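Starting off, we have a lone chain in the form predicted on its own, written out as structure tokens.
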């Protein structure tokens, strides 16, 4: 089953997004959340992101959702630390963090494949608020 990693500059946003996504899942989806710096400030902690990516189940792939620029930069640098066979299973989604996490979790929980989930959450319809 595809796993989800949520990375935010805020520990509370990461935890809240994880909590919301977990309420929507219908199966056993692993979701980890990383937010803030080691000191508890706003920012990202590359070591915590790396540890979470090492820890999370990568067998069927991992979708990473991030909130802002330096989180994205850190994730891209961290993904490069992994072997090629693992790198291809870690996808940084170009999707909004909350909507992406919720939709990815729902689709992962029903056994959807990594590529299909990424295509779905990167669709402009994911964030469409008006009809």
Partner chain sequence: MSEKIKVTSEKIKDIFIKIADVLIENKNYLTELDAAIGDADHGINMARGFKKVKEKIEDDSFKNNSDLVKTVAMTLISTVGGASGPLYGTAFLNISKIIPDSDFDIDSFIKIGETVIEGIQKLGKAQRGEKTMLDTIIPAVNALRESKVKGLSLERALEECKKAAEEGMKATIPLLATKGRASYLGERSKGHQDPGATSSYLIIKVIVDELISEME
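Residue numbers count along the first chain shown, from 1. Everything numeric in this text was worked out from a predicted model, so none of it was measured.
Heads up, the form predicted in complex with the partner chain isn't pictured, but that's what we're talking about next.
The partner is not drawn, yet in the predicted complex one stretch among 27-35, 98-106, 76-84, 54-62 has residues with heavy atoms inside 4.5 Å of the partner chain: 76-84. Using a 4.5 angstroms limit between non-hydrogen atoms, residue 94 is distant from the partner chain in the predicted complex. Taking the partner from the other structure, the partner chain in the predicted complex has no heavy atom within 4.5 Å of any heavy atom of residue 18. Shown here without the partner chain, the chain has 37, 38, 39, 41, 43, 44, 45, 46, 47 in 19-48 lying with a heavy atom within 4.5 Å of that partner in the predicted complex.
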